[in-house]
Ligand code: ATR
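The chain below stands alone and is given as structure tokens, in the form predicted alone.
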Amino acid sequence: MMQSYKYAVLGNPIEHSLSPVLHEAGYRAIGLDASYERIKVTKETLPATVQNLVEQKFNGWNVTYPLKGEIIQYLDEIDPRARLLGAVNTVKVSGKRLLGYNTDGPGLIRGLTSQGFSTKDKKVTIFGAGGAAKAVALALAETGAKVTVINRSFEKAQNLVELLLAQGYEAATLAIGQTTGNRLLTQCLAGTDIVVQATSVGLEKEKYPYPLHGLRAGTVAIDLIYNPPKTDFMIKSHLQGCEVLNGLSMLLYQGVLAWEIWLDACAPVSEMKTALYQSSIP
């Protein structure tokens, strides 16, 4: 009898997650008897949800906002990357043990590599210092990129930089004051090879608050937001002559990496990509 697999994504809100589209296309492509569902979970309902998933013999699940840190206390083993970040986005059930991983940062790198972009020895500017920024900053630094972090809270930016420095990577913060901010930012962006927008600004189609006129043509500008598919950050970067990407590629490859963790097999990337990109067209 063929084995049946069960997977899910946990979070809140979760209704608009594209992960089921991505994974179910992969199952169809290889004829795998598997399901993938969205489950709305709060911090309060997480303990009971984890217990239910185990009892119902789920094989693994993804974790999204606001549970990536909360889930750790319910796991038996944490991958070193996830432990360092304090965030898990992929859980694998291995026998009676729950194993935690974080595929966000490697997902960004794999997406860039698939499109012919190299990050080694590149100067990278990251806007933001939250969970997403942390994950991509570490992954970029691991490839040899030199990272500068810009954030409204200088303390949060400094904490992220200190995490990178402690691992032996090259990183710095940019302190933007009210009088010197634009000049310093312009100078920083002028020397940037890759700029990553890793804040929530743009989710509600709001205007991007930082001036981007320092960006030079040819710089790769990435917004981790994928819905809406084109943010104000992306529009302004494009006007500067940048090569502009949204977060769909990262979403695709963090899912691909989760698949490979769960099934110990190469994922059918082409079919998963086609389904994801078609579903994201407005």
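From 1 onward, residues are counted along the sequence shown. This one's a predicted model, so the numbers in the text were calculated from it and none came from an experiment.
What comes next is about the form predicted in complex with this ligand, which is not displayed.
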| property | result |
| --- | --- |
| In the predicted complex, residue 115 touching this ligand (heavy atom, 4.5 Å) | no |
| Residue contact check: residue 151 to this ligand in the predicted complex, 4.5 Å heavy atom | yes |
| Any non-hydrogen atom of residue 169 within 4.5 angstroms of this ligand in the predicted complex | no |
| Residue 130: touches this ligand in the predicted complex, heavy atom cutoff 4.5 angstroms | yes |
| Position in contact with this ligand when the complex is considered in the predicted complex, options 158, 94, 200, 187, heavy atoms within 4.5 Å | 200 |
| Partner-facing stretch of 107-115, 207-215, 140-148, 76-84, counted where any non-hydrogen atom is within 4.5 angstroms of this ligand in the predicted complex | 207-215 |
